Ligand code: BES
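Okay, so here's just one chain, in structure tokens, the form predicted alone.
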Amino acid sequence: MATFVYSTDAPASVRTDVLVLPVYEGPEAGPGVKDVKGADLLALYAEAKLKGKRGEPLLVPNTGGLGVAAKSVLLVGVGKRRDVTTDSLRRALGRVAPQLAKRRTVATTFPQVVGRSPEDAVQATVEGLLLGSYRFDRYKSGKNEDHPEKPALRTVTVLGSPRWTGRTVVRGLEESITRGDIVSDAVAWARDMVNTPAGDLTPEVLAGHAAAMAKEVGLESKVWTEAELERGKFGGILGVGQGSANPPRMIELKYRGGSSRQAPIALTGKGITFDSGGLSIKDASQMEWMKSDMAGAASVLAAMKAIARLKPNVNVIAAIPSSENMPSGSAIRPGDVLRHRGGKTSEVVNTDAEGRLVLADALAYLAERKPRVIIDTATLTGACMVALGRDIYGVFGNDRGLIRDILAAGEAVGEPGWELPLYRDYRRLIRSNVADVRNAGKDRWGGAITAALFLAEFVGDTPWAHLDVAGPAFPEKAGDYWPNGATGVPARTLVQYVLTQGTRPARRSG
């Protein structure tokens, strides 16, 4: 794990393996480029047919004529100056992070690109390097030609502006480094869990990881066994899991950062460790990546890990349901009726619409705790991906203030979401003749909305938001700061939301 150090030293004077300098599209010199006196770096960059588009790199070895102490200079495009944001920094650094991870020491002036918000820029710099250098090689033998070189990076010097001095300013920037490090570590942990094959990550194993994490960071924890779920009448979690040889679990975590009188923020995430579709079985190609159907659960666990280490002045609870959805002689059948926590019943018309069945129990349980808000996240519907694609998650809810806060948190950390309508008239599409509600709509249209309406049945009047992350949680190809596989979305959004809440009173619908 790399150590990050804050400094206001002149870029040319820093002894390091690589000095990373930003270049605006044009190309135009970014902070630190003009400090290199021995060569016209912009001319070299332009000669390489590079324009400064985000992530475009040029490595210039220092053979003695650059006038810097670094062994080499890496120029990296950040896009047009007027369009640069903190997420631009995160994404640009994320693209070059794999090659930087091979060096022992790195220094960069990247935070100075967004000088109006130095704390956010410093955190984004740390996250770009750490999230971008993530890899999942647990199952690589080391003999495969695709096996990546082990990271060598030990020290990163974050170079701030000479104006960013004074004890208070420096302390704030050092706290930003720590925050970026903590959040990135939690996201990497979530990615590891989602990328792990389902045979090695059953509900019991997932719960074990959660309990070990809770002990490590000081969270209160309880793992509900199958027998305890039966006594607690968690019919959705049990029903989905009854077709599997691996019994279901529910993970309960508590963080106490506020007063005992303060209502908590409640979080939950879909924890289907493998989704075959049950008796409504998926085709083979759709099952290939169904180890990722617990990405919502992993993001909530990661958020709780980061929250415990960052210690915000707020109370947070999580109840995370986990089952394995398998076809067998004991599996639930289309037409079966499940009785959920709290007594509400659902008709199962499609066993492949199982995520909402386990979340219903967790939502009902959390609503009993009288939280200020409830937020759930799930890889819930392909319909949301059809609407918003791979990069954007959908947000539904019964409280506009809560939805706005979540979208603002996502925008701040570079995890974009979009509000979709909780159109109440579509409730007719999940009306059941034999139960309180059916678990899928009566036709294929508006599937993300009817799924959200199903969940809304179990939150009562608690302010609630549902994040459908089916697209961005496990995209088909690598992105700016993630390789193929899990991204950890929306863990950073959840952390940011909690950090910005503090002791603010809960908003009610309106």
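Here the structure is a predicted model, which means the values were calculated and not measured. Heads up: residue numbers just count along the shown sequence, starting at 1.
Same protein, other form: the form predicted together with the ligand, not shown, and the subject of what follows.
- The partner is absent here; in the model of the complex, the one residue of 205, 435, 290, 367 having a heavy atom within 4.5 Å of the ligand is 290.
- In summary, among the residues 185, 226, 352, 411, the only one with a non-hydrogen atom within 4.5 Å of the ligand in the model of the complex is 352.
- For the ligand in the model of the complex, the listed stretch (381 to 389, 230 to 238, 74 to 82, 197 to 205) containing residues with heavy atoms inside 4.5 Å is 381 to 389.
- In the model of the complex, the ligand sits within 4.5 Å of a heavy atom of residue 440.
- In the model of the complex, at least one heavy atom of residue 356 sits within 4.5 Å of a heavy atom of the ligand.
- Within this chain, residue 275 lines the site of the ligand in the model of the complex, having a heavy atom no more than 4.5 Å away.
- Although the partner is absent from this view, residue 68 stays clear of the ligand in the model of the complex, with no non-hydrogen atom inside 4.5 angstroms.
- Taking the ligand as it sits in the model of the complex, the stretch 19 to 50 never comes within 4.5 angstroms of it through any non-hydrogen atom.
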